[in-house]
Structures are given as structure tokens and as C-alpha cells.
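Same protein, same chain, two forms; see structure 1 and structure 2 below, as C-alpha cells.
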Structure 1
């Protein structure tokens, strides 16, 4: 019974992949390959290295965009959370961005910055940044008053207050903002590769679709989902390592 969680995880994976395999064998659609065929295609792409070449291309806008969004987003968020003037000035913009379908901006970005890396980085940034900024600002604004009073009563400076009280207290929400932001960044990166110009993994998906090599197409999609999940797990581990004792919960975006 100790292994129940692990057992059930394996069982649940088995059920899903099994259903995929069966659906592929029937087949439910000419464009639905079996699970095993897709895994074989994935393996082929790993062996001949084409997957790594593709990811080198995909990760460029993704990593740049996520890095910019993280640094800029957290800094802006802290600023907005601390200053009422900034809050008044900038919060509405990010609130609107947060609820708006920013994908609509892509045609404009392409006109303004062409079909190169800049546009793609922009897409990743506008998708990832709002939630990071808003989560950080909200958390900073709502630092519990009593621990701030405690810091003042023990003669903490303003710098102490920021780095020893406000940021650690806000860290769970900042990290949940990062998780949501990064997952939105992945959406943006793939969207830009499918919409702007097919490069990297988007190219594998588009190209294999056009030549009806469906196993490769499914394999590429499978790999990007796995990558996103792994990346977010890594982030979670980082948080656990940096801030032991952050209690977790589902925070909405």
C-alpha cells in the first residue's frame, strides 16, 4: 500500500497510453497514429539529432522571453506593489493584458518587427509577463502587516524589510505567477512558431503534417508537452529548495 501513489500513476499512464494505442490501431482517424509508432518516431528524431537541432531553435525565443519576463516582471511587480502611484499607473495595463487575448497582436508584431527572433521573443513576453507582474504586485501589497511591524520594531532597515520580509513572504505567490507565466510563455513560443514562421519544433509539426508523417507530428507535440512539464517541475523543486516551508495551493491566474 506504500506504493499506491506510484502504482496509480503508472496505472493512469498505462490507461491513457493504452487508450491512445487502441484508438490508433482501430484507427479512429487516418491522422491518428498509435502510441508505439509515435514513440518510435520520437526515438528516431532523438537518434538522428533532428529533435535537438529543433529545440535549439525553439528554446532561443522561449528562454530569452521567459528570462526577460521573469526579471522585468518581478522587478515591476515589486515596484507596483510598493508604490501606490505606480500601482495606479501600471496595474490597469496589466489587468487588461491579463484578460485580453494577446495573440491578436501577432499580426501587428510581425509587421513591426518582421518574422525573426524579435517578434517571437515579444510574443513570449506579452504572454508571460502580465501574470508574473500581477501576482508579484499582489503578494507584495498584501505582506502581512504584523510581520512588517515586527521587522520595524526590531529596528530593521528598509532594505532588510524588502529582502528579509517582503520578498520571502511574497515568494509563494511570485513562484505561482512564474509557473503560470512560464506555461503561458510556452504557449506563446509554440504559437509564434506555428503562426509566424515554422522553425524549431513548430517546423517539425508543420512539415510532418504537410507530408502526412503523423507519427513524427505527434512525437514532436508529445515532446514539447513533456518539456514544459519537466521545466515546471524543475521550477517547483527550485522553489522548495530556496523557500522551505512555502505552503502550496492552486493559485489561479
Structure 2
């Protein structure tokens, strides 16, 4: 049964793409192309290199924002989880960031930081960091007291407790927060290109829509989804490698 998860994933993709093809052939809308037309448009963009040029622009704010969100998010989450005072001070900020409508904040970011890379990085961070911080803080806060007591009984220092007890125990939720945060970061990167300046993949989507080239528009969107899925699977495999032997019960399995 080792190949069962892979089989189910392929079956799910086949059902989805089949439904897409059928909906495009009915058609549901004149602006909804078939799956095969979208794949053909994606192949054309790969052959002429336009997709790689677009992603060279899109990945700049995405990678920078995700890296900042990961490092600061985990550090702040651990800090908030360990200190009740910092929990009271900072948790409400990230709760508000997570629930606030991002589209309403983008004009404020543009006014403050212009239409360049800085604003786009901020959009990615606003999308990704709250999820990472809150998941990490919750995981650290709910570390079982019995293993903390065991550490203290063996004369473990606070550093020992943090790095040998709390962080390993919290790692499943921390990685779950990373996966959710990176997914949100992809959304933020594309949203910033659509709302701030049309560059990268956002430019392909905007331009294709303006000239009614809907297969190219859907192909660009599809490429984002594929890249996000590949990246999240890579992160999942990294977690499994780091914590080998610990079955974490992935939803995808």
C-alpha cells in the first residue's frame, strides 16, 4: 500500500482536470477555456521563455517575503509562546493582520513604500507571517508540562528546555504553520502584482485578460498552483526527513 497516497493524488488530479476539460467544452463561459487549451498555452510560454522571465520577477518578492516571514515568524512565535506578557502585547496584532482585508491595506503600503519591491515584500509578509507566528506560539504554549518537568528534574537549563524539549515537541505545528504561511505567501505575491504593478506572472494574467487570451491567463494561474504544490510537497518531504520515524498523519496521505 506504499503507492496508495500517490495513486489517490493522481486520481484526484485526473478528476479535476477531466471536469475542467468538460466544463470548457460545454462551454460554461466563453471566457473559460478547456484544460488542453490552457496546457497548450502554458507550453507555448515555456518554449518562448516568457514564463521563466515572468517568474524571475515574481520570485523576488516571494522568496524574500517568505524568508523574512519564516525567520521572524518562528522567532516571534517562540517568544510569544514562552512569555505571557509578549502574548498579551503581540498576539492581537497578528490576529488582526490575519483577519484584515489585505486589498484595503495595499494602497497604504503603496503610499508609504512606493510601487517597487519593498511594497510587494510587505504584502507577502502580511499574508504569510501571521499564520506562522500564531501556529508557532500555540505549539510552544501547549508543550506538555510533563516533559518540561522531566527536563527540570534532570537539571536541564532553560536553553536545554528550549532546544531539546519545546522546539522538537512543537515542530509538527510549526511546520504546519510554515506550509500554510507559504501558501498564503504565494497568494500575496500574485495579489501584489495584480494590485500594485503588473509585473511577472501578474503581468501575464493582466495582459492576457485585457486581450481576451483566456488560455494564457488560465495557464499562468495554473502554473502558480503547480509551483505552490511542488514547493509544499518539498517542504513536507523535508519535514519527514528531519523527523524520520515520527508519523505525523498528513492530510495528503
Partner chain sequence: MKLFGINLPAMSSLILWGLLWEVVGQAELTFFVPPLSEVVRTLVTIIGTPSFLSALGETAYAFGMGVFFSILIGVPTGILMGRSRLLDELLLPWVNVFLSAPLTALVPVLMVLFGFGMKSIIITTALFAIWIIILNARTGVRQINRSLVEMARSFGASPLEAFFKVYLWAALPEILGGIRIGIIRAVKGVIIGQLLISIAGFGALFELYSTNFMMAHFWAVLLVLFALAFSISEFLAYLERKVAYYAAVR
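Numbering follows the first chain given and starts at 1. Just so it is clear, the model here is predicted, and its values are computed rather than measured. Heads up, when I say rigid core I mean the largest set of C-alphas that superpose within 1.5 Å between the two forms.
Structures 1 and 2, same chain in two forms; the form predicted on its own is found in structure 2. Relative to the superposed core, residue 56 undergoes a C-alpha shift smaller than 2 Å between structures 1 and 2.
A displacement of 2 angstroms or greater separates the C-alpha positions of residue 15 between structures 1 and 2, with the rigid core held in common. With a cut-off of 2 Å and the rigid core superposed, residue 26 has a Cα displacement that reaches or exceeds the cut-off between structures 1 and 2.
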